[in-house]
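We begin with a single chain expressed as structure tokens, specifically the form predicted on its own.
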């Protein structure tokens, strides 16, 4: 069960954030704020305390707090984001993390290693980490060593197409996971009950489990129906403006 969540308000500069799909247009900042409000409300409905950090105009993508840190039940790991325009975000998340972890339980990925939290999926005390354009072999080596030090385990997953691991696979607890695209047939996940997402709704593979409820992006009826059929209560949150920046539900929070 999660007790705490950290989020950061989107900044006005988000309209200049990184995107692989410019054809979707630039985000509407005011609408993004409303969607963020709804996201926070949905999290609170799941019984967590939400720490809301102020917007940081220096970093257009800084609302995606999942990337500069990974939080486990034993320690917090400050990452070293692989996107140059986002690398400084790691220094801005440390203060929030220190409110929950003593210094000896905060670890750091250091150059030349890079790692982004969107590439890390927690399944109990095991962490799958995707090797991507943003997370390199040295970052993964350091990450796995940190996990081992704290009595946790991890393993590498090679990504072929997606930006981040959790773009296409997300664990819903109880041995179930949402899978889309390249993850449908990955042997690493063969042991789980996999809920396949149709290609037309691949974006919505990025759902989040919060204390028994699954938050699902609004507008993806097949995914919503599949999650409900798997036995989970569902909350819908519109993330249309974050999709324009390659962002989804998991990207917008640190849950622990």
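Numbering follows the first chain given and starts at 1. These figures come from a predicted structure and were not determined experimentally.
Below, we refer to the form predicted together with citrulline, which is not included among the displayed structures.
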{"property": "All of 74, 122 and 154 within 4.5 Å of citrulline in the predicted complex, heavy atom check", "result": "no"}
{"property": "Contact test in the predicted complex: residue 118 vs citrulline, heavy atoms, 4.5 Å", "result": "yes"}
{"property": "4.5 Å heavy atom contact, residue 10 and citrulline in the predicted complex", "result": "no"}
{"property": "4.5 angstroms heavy atom contact with citrulline in the predicted complex for residue 251", "result": "yes"}
{"property": "Proximity of residue 162 to citrulline in the predicted complex, heavy atoms at 4.5 Å", "result": "no"}
{"property": "Segment that reaches citrulline in the predicted complex - one of 45-53, 225-233, 60-68, 22-30, heavy atoms within 4.5 Å", "result": "60-68"}
{"property": "Residues within stretch 226-248 having a non-hydrogen atom within 4.5 Å of citrulline in the predicted complex", "result": "245, 246, 247"}
